[in-house]
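The chain below stands alone and is given in structure tokens; this is the form predicted on its own.
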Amino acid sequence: MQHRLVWFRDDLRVNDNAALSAALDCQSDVVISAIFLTADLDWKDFHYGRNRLYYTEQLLRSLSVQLAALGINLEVVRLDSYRAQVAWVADYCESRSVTDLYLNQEYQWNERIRDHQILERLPDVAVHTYVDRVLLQPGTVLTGDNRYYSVFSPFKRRWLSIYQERATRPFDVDGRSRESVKPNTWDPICNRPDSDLSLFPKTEADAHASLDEFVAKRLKDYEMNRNNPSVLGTSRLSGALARGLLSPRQCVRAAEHALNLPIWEFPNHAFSWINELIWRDFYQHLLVGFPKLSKNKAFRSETECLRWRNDPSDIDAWKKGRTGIPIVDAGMRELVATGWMHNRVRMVVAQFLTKNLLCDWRIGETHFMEYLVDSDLGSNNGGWQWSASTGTDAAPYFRVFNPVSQGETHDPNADYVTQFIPELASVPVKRRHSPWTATLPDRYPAPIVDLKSSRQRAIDAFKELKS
């Protein structure tokens, strides 16, 4: 008898799951099993934090119930490493007479090596892999001489031309003829988060309700509001996308349905959201095209010689939201409080750490990985290296965000700042992004760095690389 095994990773949903949909395309007498495997020690080395792990645990509980309704038991197994995962899957397939293994592709270096080892260990098992995390598979969007793009704008143009030819609709789930089973139980992989994660949807129904609400009510104003952290202008679906509670296909389809247009005909206000999904694809493609990005290396190799200051007291103040620069401190406090940070603010706090404090971008990348529910190597690494001017298509090193003017432009009434730094409520609104120009509240620190001179210090450090 045929025995199909579905291996879930960061694709924790039933609907529009390419691997699961393919596995369910069979007669009802085919045995289908499902697994989720941890890699606790490896994940610790990768700085996966409690917020990510706890959120994953919540999604697994929901997924288990949905799969049970389709007659599939989900087995959650605690393991130490990817090496242990390979051995466990090989043993499972042999002992349970698995004939077919179904999985969705992952693009980080360690995950790709693991999946290659799985193929080698299972010569008698048919291994079926699917494109699910991205809209277009890495390797399909290449330059004229078959290289991976390292600049976003030409990547986007080529991506759009290919997408019009190869776009796939969400995959159907057909498990209606299978009898339901009782869901499995397991010891939690994480008992509690570090932050209040109430912002994030915990079921597919919740995620789809959030997606539908966004495209119906806020997509039309996305371009206008997306940079203002004090209003709900973004989709806030990054956590659901990162952990696979939603697919990018579902996001595109929902937007196209709302506008009754294909994405390449979207008006600018709506396409700016699609643009973010293309950026997401871009960063996943880079992981495949440039494996060193998975190995803690700068894309621009010459920047490995930068003389970072890495002052411990500055780093501690940055992490705790005690730098004396309100927009920076609000962002860092939002991160710890909620497991999320507004995208515009992410760029501001990243440039402040890497330019004004002249600290290695890897310090910030690690801190984000430890707290963000939507932590993802591709997007996190890409964003940090962009801000630090060490990566692909990076911000020019001499363009350094001024956090005061960023705050005044994107949080003009300081609503965001006072939400996370209530001690600044006593400062006049026009001074809240530079409270040192007024009377500082006793509980809020003076700036730990002079913005003008520290900016010049960063520029000089980059200029040294040329010599």
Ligand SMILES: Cc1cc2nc3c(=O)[nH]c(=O)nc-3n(C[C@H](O)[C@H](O)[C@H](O)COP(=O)(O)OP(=O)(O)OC[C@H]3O[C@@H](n4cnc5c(N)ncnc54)[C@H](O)[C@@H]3O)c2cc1C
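Just so you know, these numbers come straight off a predicted model, no measurement behind them. The first residue of the sequence shown is number 1, and the count goes up from there.
The following text describes the form predicted together with the ligand, which does not appear among the structures shown.
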So in the model of the complex, are Thr234, Trp340 and Asn380 all sitting within 4.5 Å of the ligand, heavy atoms only?
yes
Which of these stretches, 352-360, 114-122, 277-285, 97-105, has heavy atoms within 4.5 Å of the ligand in the model of the complex?
277-285
So the ligand isn't shown here. In the model of the complex, which residue out of Met332, Val141, Ile72, Leu241 has a non-hydrogen atom within 4.5 Å of it?
Leu241
To verify the annotation, which of these, Leu135, Ala207, Val89, Leu372, has a non-hydrogen atom within 4.5 Å of the ligand in the model of the complex?
Leu372
Might Arg346 be said to contact the ligand in the model of the complex, defining contact as any heavy atom within 4.5 Å?
yes
Closest heavy atom of Phe171 to the ligand in the model of the complex, within 4.5 Å or not?
no
Phe299: heavy atom within 4.5 Å of the ligand in the model of the complex?
no
I'd like to check something about Trp273: if you look in the model of the complex, is any of its heavy atoms closer than or equal to 4.5 Å to a heavy atom of the ligand?
yes
